[in-house]
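Given next, in structure tokens, is a single chain: the form predicted on its own.
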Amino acid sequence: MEPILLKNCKFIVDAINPLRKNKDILIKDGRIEQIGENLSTNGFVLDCKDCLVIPGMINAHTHSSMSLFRGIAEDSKLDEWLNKKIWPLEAKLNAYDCYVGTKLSVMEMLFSGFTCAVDMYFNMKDVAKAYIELNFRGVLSEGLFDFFNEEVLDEKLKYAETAFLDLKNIKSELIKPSFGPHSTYTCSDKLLKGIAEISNKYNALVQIHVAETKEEQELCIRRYGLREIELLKKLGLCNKRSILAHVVWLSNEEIAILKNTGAIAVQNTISNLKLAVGSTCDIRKLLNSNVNVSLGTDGPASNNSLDAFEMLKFSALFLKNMYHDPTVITSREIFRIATYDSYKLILPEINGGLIREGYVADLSVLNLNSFKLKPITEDSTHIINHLVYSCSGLRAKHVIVNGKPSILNGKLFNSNEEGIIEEFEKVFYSLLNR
């Protein structure tokens, strides 16, 4: 792995360390080896004198292949969106579709400041191929349903384990396999319990949609006499390896369970607003209750953007509006959740989310000459304010993931942006005509 030197970085900012100015960052063997002045290397040297360097962010919930459905299933309630629009289209998907759709999404995420995504969908070996080709981290899981059909239970459990092992056997530092039962309303309690047992066997993360709508909670209560978090705890799926997407409608008792089990709650504000579920995950209340939280975009069909900075902004603004209080959460808190906190929770096996010697080199380099970053002062809070409130649509100049370049000088390092878009359009029209 060739060393990389980020030379003369104008500003280096993360959520915890003090602002650093006019420093070099030397990257070797996937990690930040040294931060200082007048450093040198025989590898890549990138002039960053007009640049801001920040840690990469984690998109803690998405479905990257669903870029193929962006904009064609709109203005619908969740049950109609799934049953009448999305699921019929998904029935036509093949592995190559998922690969191409993922490449477009990964490209968008890289340019917007993400260096990792937690991704649940189908044909995940092909999704992983796209992640690796573009040098992007993925916590990947094959989406799983049984729709309460006991006849397919054993088949689904075997399939889940096989899909997990297929991802594990890729043996890439970029890919972390996980399990992905879709929800309590598409998966039986027997399937969920089986996934809990298999995930415990491999000490693996589990992704699942939880309490996205009030109706979802009510259905769970009618079926089991329990709220969703209560059910998941009973089945062994609420623990520190659980990544619970949405969690909008929670009782105080469920919040206490999240605190006591260490499960990760993922807020998806933009998707919640679009589907008009009535609120979003109240991460202020969860943080005050010592619950682990992270942020996600949801998929590109239900957001419809995979923009990290837009995610930060909507998260902060919705909470302020919810509480009628502009002080309820700060830009630094939101930025910390998407960077340091998310790396600590989702990728605890590596040190990430900060720009510090010894930490993994997952970094985004932004051009300070962008009008979105003006005016600028030598104040880290001012700079983080810009990142949260001003930078939607900003494209990174360089992106480093696992110590390797993903984007250099505004262009994909391992692929061609125009080629990805051209192939994506071919696949999209082919899918529509099937």
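Each residue number is its position in the shown sequence, starting from 1. All of these numbers come straight from a predicted model, not from anything done at the bench.
The protein also exists as the form predicted together with another copy of the chain; that form is not presented, and the subsequent description refers to it.
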Among 40 to 48, 53 to 61, 27 to 35, 388 to 396, the region lying within 4.5 Å of another copy of the chain in the predicted complex by heavy atom distance: 388 to 396
Among the candidates Ala95, Ile257, Leu317, Leu219, the residue which, in the predicted complex, approaches another copy of the chain to within 4.5 Å (heavy atoms): Leu317
Listed residue that, although another copy of the chain is not shown, lies within 4.5 Å of it in the predicted complex (heavy atoms), from Leu104, Ala263, Leu144, Ala130: Leu104
Non-hydrogen atom within 4.5 angstroms of another copy of the chain in the predicted complex for each of Ile198, Lys285 and Ile355: no
4.5 Å heavy atom contact, Glu417 to another copy of the chain in the predicted complex: yes
Close approach of Asn402 to another copy of the chain in the predicted complex, 4.5 Å, heavy atom: no
is_contact(Thr162, another copy of the chain) in the predicted complex, heavy atom dist at most 4.5 Å: no
Exercise: His182 in contact with another copy of the chain in the predicted complex, heavy atom 4.5 Å: no
In the predicted complex, residues of 408 to 434 near another copy of the chain [heavy atom within 4.5 Å]: Glu417, Ile421, Phe424, Glu425, Phe428, Tyr429, Leu432
